[in-house]
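Next up: just one chain, as structure tokens, the form predicted alone.
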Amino acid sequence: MNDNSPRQTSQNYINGKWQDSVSGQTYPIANPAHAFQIVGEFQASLPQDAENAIAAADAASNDWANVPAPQRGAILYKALDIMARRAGEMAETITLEEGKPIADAIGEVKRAMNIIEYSAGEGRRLHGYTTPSELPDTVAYTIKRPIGVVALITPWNFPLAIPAWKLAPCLVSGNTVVYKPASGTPLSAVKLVEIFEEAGLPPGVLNLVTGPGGSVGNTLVEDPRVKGISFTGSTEIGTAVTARGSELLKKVQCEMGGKNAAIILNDADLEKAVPGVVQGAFGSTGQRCTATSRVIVENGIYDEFMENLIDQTKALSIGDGMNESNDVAPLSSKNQLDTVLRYIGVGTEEGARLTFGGHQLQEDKFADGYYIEPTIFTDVDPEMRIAKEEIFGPVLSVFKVSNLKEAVNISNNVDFGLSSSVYTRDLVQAYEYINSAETGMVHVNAPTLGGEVHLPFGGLGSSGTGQREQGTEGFDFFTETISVYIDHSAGVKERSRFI
């Protein structure tokens, strides 16, 4: 089956102008629910395009840094109003190119709006602090300054929210941007840039380059005019970006993978715990860095939990994300489908029990999409690959334990440390978990998912490096702290001999 509808071609955005890449080549993006439907054509950019974008950002850097932060925030408020007007369109775009259920896409748009609103307000709170000086007639204080040109490299699974939570604080802090979205989800990026263009960003402040991550991304990392790199994606690439960026003395922030565990203790409220695990494991088809990929159940409640888990998983509706009645949508691409199927094969080969699902859906209504059943493994050993490696799909591994200590040991027995949760009515056990879980975010009686925009987001170990995103900490990465000393005395002072 072929799609004969006209294909819209989107351009790069450099120095305030929409333009073709120097290669003149484009590439198509297909709808994951119906792979024959082409969402659009996008620029297959080369290193020269990235260099042109960097030059534009560099030229605009001083002028934008000198715009008062409250005025920069005012532009974000305008962008917020425009996004609210286009919210339905933005949600549909996310579902069309990434595949997630439309309800999740609507939630993603709201999340993007929340971070823009929060960041706009911070334009009036980019303050340092004053402190008494050890010297007489001296004023001592700190100020925040932008770092300059920043490269934002974003993933495909949240093609609007993650760029927004990087872009909004970056702009309010006074930096100029070269934005490289995931090659698989460029349309959301194009529309996001349109919104900021309409809001009145000066030329060169925000630049968009689409295309392959290799050549374009490497140029952004290597160019000396780029002073900071904020990356979200795989641990493998993030580790390489961190190593090379640090070698070049750039500021680097990387949010990478997760292997998040939910612990269910004997006293848990199963009416909360089971839906929380189902949502965490299979919502957005498991394609979240905070998704629940492991559930660790205390033995006294194990059988009842498993019965409810399988019943609620069976009840999930699978299909095109544009249909509001569907709970689980396709995986984002053929590559993701192949990866998830390969891990399911690894799990069975390692001896885990495939208790539910585990198959690609290929009957008529699924034939032209990347669909897979929600999958549950039991009898999983903590050292199995499916217990330790990020799958990034709707695959849940279940463990049975005797107590909280054993559960936390399994939870911590991975290289990742992004998010985790515990379900219990016992406050003592809840705090024992909080104080021993080796994750950057902990949840009690709630899923492992997400967070709020005014709190920091990020993890430990292989889940992230550099300063956290979101919250007030999210502005620390995009600014440099400058210490100021003003001597207002009439004479000469004796200065410290130590520094």
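Not measured: the values here are computed from a predicted model. Note that residue numbering begins at 1 and tracks the sequence as displayed.
Not pictured, yet referred to below: the form predicted in complex with a small molecule.
Of the candidates 366, 356, 156, 77, 156 is the one whose heavy atoms come within 4.5 Å of the small molecule in the model of the complex; the others do not. Interface residue among 232, 375, 93, 175 relative to the small molecule in the model of the complex, by the heavy atom within 4.5 Å criterion: 232. Of the candidate stretches 293-301, 267-275, 233-241, 189-197, only 233-241 has residues whose heavy atoms lie within 4.5 Å of the small molecule in the model of the complex. Taking the partner from elsewhere, residue 180 is found to have a heavy atom lying within 4.5 Å of the small molecule in the model of the complex. Taking the partner from the other structure, the small molecule in the model of the complex has a heavy atom within 4.5 Å of a heavy atom of residue 162. Looking at residue 463, you'd find a heavy atom of it within 4.5 angstroms of the small molecule in the model of the complex.
A residue is said to contact a partner when one of its heavy atoms sits within 4.5 Å of a partner heavy atom; residue 418 meets this definition for the small molecule in the model of the complex. Site residues 42, 108 and 319 are none of them in contact with the small molecule in the model of the complex, judged by any heavy atom within 4.5 Å.
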